[in-house]
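This document opens with one chain alone, in C-alpha cells, the form predicted alone.
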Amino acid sequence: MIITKKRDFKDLLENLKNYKSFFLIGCSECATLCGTGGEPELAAMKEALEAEGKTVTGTLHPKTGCQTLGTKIELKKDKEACNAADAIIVLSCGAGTQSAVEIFPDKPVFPANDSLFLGNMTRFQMFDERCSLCGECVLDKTGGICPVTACPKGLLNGPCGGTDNGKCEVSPDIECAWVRIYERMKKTDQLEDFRKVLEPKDWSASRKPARLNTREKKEEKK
C-alpha cells in the first residue's frame, strides 16, 4: 500500500489562498488505513477549511482514489458540487491527486498529503517500507526479504563491513538486512542458494515513467 502523511495545514492554506470554494476527494483504501484520507479526515478537513472562511461544496470518499475511471464515475452524482468548486483538494496519495488532474483538466488540484513509500502495515497505522518497486524482483533469491529496500546501501551481496552484532552501521535501530536474510534462509534450508552471488541488477527495469498495459498481452494471445 502507498503510505502517506498529512501535509502541514499552513502549507496547504498557502496553496489555497487565491481560492474560496473546494471539493474534497479522499480514498477508501490506502489513505484511509493511513488515517490521511478516510471519512473522518474528510470531515476534519471540511471543518478546518470552513474555520478559515472557505467553502466546501462537497466531498467524495471513493473506493480507490487512484482508479481514474472509477473515481470519475463515482463523481457523476456530485457534478454540481464539483462545478461550484474553485479547486479540488485530494486526501490521497500522489497517484490519486494525479487522477483528479485527469478528471478535472480545467480546475486546480492540490494534494493534502505527502506520499512516502510502498509499505506494509505491521500494526494499526504503523508502517514499514518493504519494496522499492525496482522492476526486477530478487525475493526468490533472498529468502523473501528485499535487500534493495531493507539494506540502506541496497547491497545485493552482503553483509558489508559495517555490520555490528546484526545491526546496520547506519543506525542501531536497523537490523542488518543480510543477517536477516541469512537467518531466514538457514531456517528454511536454503543456504545453498544464499551462497550464490547475485548478478548486478538491470536498473532500466525501474525507469520512469513506467507503463504497463496487460490488455495488449491478452490480445496477443488470441
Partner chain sequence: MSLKSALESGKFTVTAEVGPPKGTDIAKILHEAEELKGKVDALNVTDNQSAVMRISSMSFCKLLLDMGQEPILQMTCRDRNRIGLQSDLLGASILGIKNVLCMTGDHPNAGDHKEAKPVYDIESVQLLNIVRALNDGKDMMGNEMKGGTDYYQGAVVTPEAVPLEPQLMKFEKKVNAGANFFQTQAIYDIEKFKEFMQYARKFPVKILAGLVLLKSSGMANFMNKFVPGITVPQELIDELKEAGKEKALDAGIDIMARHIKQLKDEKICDGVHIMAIGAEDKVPLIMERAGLL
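Positions refer to the first chain, counted from 1. On a predicted model such as this, the values are computed, not experimentally measured, just so you know.
There is another form of this protein, the form predicted together with its partner chain, and it is not shown here; the text below is about that form.
Comment: 159-167 is the region of 63-71, 27-35, 159-167, 45-53 lying near its partner chain in the predicted complex, near meaning a non-hydrogen atom within 4.5 Å.
A heavy atom within 4.5 Å of its partner chain in the predicted complex is found for exactly one of G144, G135, G94, P152: P152. W203 belongs to the set of residues with a heavy atom inside 4.5 Å of its partner chain in the predicted complex. Mapping the unseen interface onto this chain, L13 falls outside it, with no heavy atom inside 4.5 Å of its partner chain in the predicted complex.
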